[in-house]
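A single chain, nothing else alongside it, follows as structure tokens in the form predicted on its own.
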Amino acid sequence: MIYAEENPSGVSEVDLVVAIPTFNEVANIATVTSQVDIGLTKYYPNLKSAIIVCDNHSMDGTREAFLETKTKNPKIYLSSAPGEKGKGANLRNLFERLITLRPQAVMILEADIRNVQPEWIYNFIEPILRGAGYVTPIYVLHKYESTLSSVVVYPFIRCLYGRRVRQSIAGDCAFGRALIEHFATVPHWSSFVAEKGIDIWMLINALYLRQPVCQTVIGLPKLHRIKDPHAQINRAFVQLVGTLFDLMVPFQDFWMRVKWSKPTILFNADLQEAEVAIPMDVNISRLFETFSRGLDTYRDLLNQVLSVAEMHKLDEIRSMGIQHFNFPSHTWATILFDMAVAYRDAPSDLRPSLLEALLPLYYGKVASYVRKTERMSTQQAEEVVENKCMVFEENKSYLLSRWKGN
């Protein structure tokens, strides 16, 4: 629910919206707002546009910095109530406001991007104006930059919902008018969605409504504030996987009919100039140790969820040691499928424990992926991810059997 709104220009209805979810982003919000304004003015001068900040009641001056930024396009500031946190909470306020603004296209852009370009506005919005229902980006990424997407989210969504959407949790997207009311009123909401789960929540709802999905090629790596890519992974993992599992029940009639995945259309695919991803180091030993300790810590719970064969396999691959460590994709897929069924059947208060038990196994899978691809190019590593996705799809019959209770 919107706690506060400031609409200095009295905007009542627009054609385009670029929304920026924020929490304490005073350092960068003026830069992002200016770049968005340049893009809207350059590419869509004849359309009515608005820039909206949907904020978590920031106290660092984000609101003031945004409203004081000089722009040619009008600005609206929305805020959640004090103490209400999460990107999803911000966007729910946005969805509510969009119902009255009635835009043709909406773009969501993260506030901490240090290299946002005016061209990005065109790359996201233009596919919507040409008939796409939902747009996700393809940024230049290091092969280890988004392992949560590579080993969990991408193969799982692709297997269930039948669309190959590579960077669904990149944080930025665009969507058309058909999704606005649905996003504002759909009942499948949770505390996970209110935070990190919002990105895949939007995509899965778009797929469920059979909206045309498009991937737009950006050609640049997205530069955030300097931070450890694994620092917040535990919380993000729980929220993202929890959202994936939560949505399986209300959408089961849809995904149970999907047999194989289909490619997703690319926009700006003929882009010639693409930068190189930023180098990144991964501590494989630490990942392996986390996996090994977690296997011991959660053994009792894992024994209740996984088959005897799967537990034996986990012990076997741990015994290989880090030098020869290999976590087979087939084993990983069946573990995720078994966990999804156990999550569905568990009381709500026990579900977080299942996600926490799955987390160290994820770290083991990441360690295996890094070990396998450390001497590979980015393209070769991407082929490994694609092969892993095919393993998920080939074993979907196992998930269907377990889900039906056979």
Partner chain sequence: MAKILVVDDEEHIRLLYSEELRDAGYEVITAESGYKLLELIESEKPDLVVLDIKMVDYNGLDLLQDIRAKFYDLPVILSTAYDTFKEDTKSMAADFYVVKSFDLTELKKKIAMALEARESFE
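Numbering follows the first chain given and starts at 1. Computed from a predicted model, the values in this text were never measured in an experiment.
Just so you know, the form predicted in complex with its partner chain exists too; it's not on screen, but the next bit is about it.
Enquirer: By the heavy atom within 4.5 Å rule, which residue out of 259, 286, 299, 102 makes contact with its partner chain in the predicted bound form?
Expert: Comparing distances to its partner chain in the predicted bound form, the residue within 4.5 Å is 259.
Enquirer: Heavy atom within 4.5 Å of its partner chain in the predicted bound form: which of 269, 320, 178, 223 fits that? Just give me the one.
Expert: It is 269 that has a heavy atom within 4.5 Å of the partner.
Enquirer: Does any heavy atom of residue 313 come within 4.5 Å of a heavy atom of its partner chain in the predicted bound form?
Expert: No, no contact at 4.5 Å.
Enquirer: Check whether residue 138 has any heavy atom within 4.5 Å of a heavy atom of its partner chain in the predicted bound form, and answer yes or no.
Expert: Within the cut-off, so yes.
Enquirer: Since only the chain is shown here, I'm wondering whether residue 384 would be in contact with its partner chain in the predicted bound form (any heavy atom pair within 4.5 Å).
Expert: Flag for residue 384 set to no.
Enquirer: Whether residue 146 contacts its partner chain in the predicted bound form should be assessed with a 4.5 Å heavy atom distance threshold; does it?
Expert: Contact check for residue 146: no, nothing within 4.5 Å of its partner chain in the predicted bound form.
Enquirer: Is every one of 21, 90 and 184 in contact with its partner chain in the predicted bound form, taking contact as a heavy atom within 4.5 Å?
Expert: No: no residue has a heavy atom within 4.5 Å of the partner.
Enquirer: Just one of 251 to 259, 236 to 244, 72 to 80, 121 to 129 has heavy atoms within 4.5 Å of its partner chain in the predicted bound form; which?
Expert: Single hit among the candidates: 251 to 259.
Enquirer: What residues of 194 to 217, in sequence order, lie within 4.5 Å of its partner chain in the predicted bound form by heavy atom?
Expert: Read in sequence order, the residues that approach its partner chain (within 4.5 Å, in the predicted bound form) are 210, 211, 212, 213, 215, 217.
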